[in-house]
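Only one chain is shown below, in C-alpha cells, and it's the form predicted on its own.
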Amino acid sequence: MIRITELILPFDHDEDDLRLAVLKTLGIEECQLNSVAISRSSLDARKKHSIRRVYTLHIETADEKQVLEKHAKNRKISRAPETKYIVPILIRKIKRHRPLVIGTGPAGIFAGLVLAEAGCSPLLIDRGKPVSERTRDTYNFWKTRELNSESNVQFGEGGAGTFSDGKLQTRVRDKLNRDKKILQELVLAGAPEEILFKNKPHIGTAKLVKVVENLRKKIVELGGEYQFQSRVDDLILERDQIKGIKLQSGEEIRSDHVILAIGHSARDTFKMLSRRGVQLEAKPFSVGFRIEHPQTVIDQNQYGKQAGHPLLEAADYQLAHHSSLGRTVYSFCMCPGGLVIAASSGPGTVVTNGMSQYARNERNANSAIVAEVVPTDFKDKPLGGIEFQQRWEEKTFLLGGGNFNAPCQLVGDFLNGKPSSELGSVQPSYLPGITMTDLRGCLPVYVVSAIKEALPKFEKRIRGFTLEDAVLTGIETRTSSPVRILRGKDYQSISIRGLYPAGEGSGYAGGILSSAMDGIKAAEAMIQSINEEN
C-alpha cells in the first residue's frame, strides 16, 4: 500500500475531487487506482479566506512497485507503514490466581482487553456501577442534587472520560500501534469510523456509553469477568509482594498480579496506598474556572465568513499564556457546542467539568481556564495536592450556597474585581444551578491573579473572549492526578512487587487515549512477568 501525505484540498471538496487529486499526485490513470483510504484528516483554518483539509492517504494501485520507484525522491509519497497491533502471548497457563484489574476507566478496560486476548482471564473490579446505571445516577444528581458518592462523573464503568467531550487526542506516537489498536477497538464497539483518521477525533458522552458496554461484552466473551460496586479498601501483602485485595464488603480476592487503574479522584484509595507503604509523590496539576461563550463567537473567530457552513463542525481553540507570576495559564478540555457539568464525587464539594455530545450542537462553547499549581504550593507532601483540592472544593460549595450550586461570575465583572448579581446575554449551562457571586473566594490569590492576567491576552487571539457577558463558573480542580504512584520501567510499583499502577490515577498518563495506552503497556508488562515466572 502507498502512503501520500500533505494532500491539500478545499474544505468543501467532494469524493471525486479527492480521487482526481490522488490520480494527479501519483501520475496514474483511473484504471490503475484500486482504492483510496483516509489515514488522517485535519482542518487548516489559519487562513480564514481559504480553509482547507489536509490528508494522509493510503492508496492501493495496480502496480505499487512501479509507482514507488517513479516517486522515489518525493518525500510525500512512500510505502504505508504497518498499522497492526500484535497481542502479547501467554506462554503457559497461570499457575495460581488470575490477574486483577482495579478500575474500569480507559486504562482498566484496555488492560483487561489485552489480558483477556492473551488468555489471562482477568477479573475487572470497580467501586462504581455499570455505565448505564452510572449514567442514570449522574443525570439524577444534576436534576435533583442527590449525589451518589460511588456512582457519579468520577466513579463507575468508563471512568471520568465518559462524561466529557470524548476526545481521543494524544501527542504520543506509538511504534507498536497501541493507539491504533485502541481506536480500532472503539470503532468495532460502535464509535464513529471517522475517529480512525480525524486529527481531533471525539465520540461524545451518549455514544461512549454504548461503546463501553460493548467493550465489556468483548472482554467477557474472551474469558474476563467484571465485579461492580466493589471498592478496594486494602491490599493483602506479604513483605513487598502483593497477594490480593480486600473489598469494603470484607471479601478477600487473592492474586499476585494487580493492575491499579483507579483514576485521578480516588482519594480514599490514595490514602490507603500511603498507609500500606506504597511509595507516592505529589505532582503538578492545574486549577481554575470553566468559561462559556456563545459558540457563534468562537466559530466566527476561527472560520471568518465561512462560519456556520454545514461542512464545518463547531470550532475549538487552544490557548496558553505564561504569566508574570511564573505560572502558565491555559485552556483545558475545550468542549465546542458543549455543557458545563457538575463533577463532584463527594459531599460538600463543588467541581466542574466540560462535556459534549457527538453532534456538539449546544449553544455555548466552554473550556477550563486553568493555572498550574506545583508541589511546593502544598509543602511537597505526597497527599498535599488532594488536601489542596478538597479545601478549595469545599470553599466553592459554600460560596455557591451549600446545595451543589456552582458560583458564577461574568467575565467583565471578574476583570473589574466586582461581584456579579445577574446574568447577561450568555446563559450558563451548569446543572443543578448557579449562584452569582465573586469567584475570587474559590481559589488562591496567585491562581486568580494569573487567570485575570491571561484573559486579556487570550482576547488578542480570539476576539470576544473577554466578552463582558461571558460566564465563568467555579471550580475546575480535576485536570489530572495530584499524585504519582511511583513505578519502575517494568511498570510495577517500586515498593510493592506485582502491583502495576496505570492510567491517569498513576500520574503517568492523561486523557482517554494516553490512559488506555498506558493500561495496555501495564498489561504487556504483566504478561511478560507471568511468562518469566512460569
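These numbers were taken from a predicted model, which means no experiment stands behind them. In this text, residue numbers run from 1 along the sequence as written.
The same protein also has a form predicted in complex with a small molecule, omitted here; what follows describes it.
G128 is the sole member of P407, G128, P122, G385 with a non-hydrogen atom within 4.5 Å of the small molecule in the predicted complex. Residue in contact with the small molecule in the predicted complex (any heavy atom within 4.5 Å), chosen from Q154, T135, S255, Q302: Q154. Although the partner is absent here, N353 sits close enough that one of its heavy atoms falls within 4.5 Å of the small molecule in the predicted complex. Contact check for H97: every heavy atom lies farther than 4.5 Å from the small molecule in the predicted complex. Contact check for R327: no non-hydrogen atom falls within 4.5 Å of the small molecule in the predicted complex. Using a 4.5 angstroms threshold between heavy atoms, I262 counts as touching the small molecule in the predicted complex. Here the chain stands alone, but in the predicted complex its contact with the small molecule, taken as any heavy atom within 4.5 Å, falls in 226-234 among 453-461, 417-425, 226-234, 292-300.
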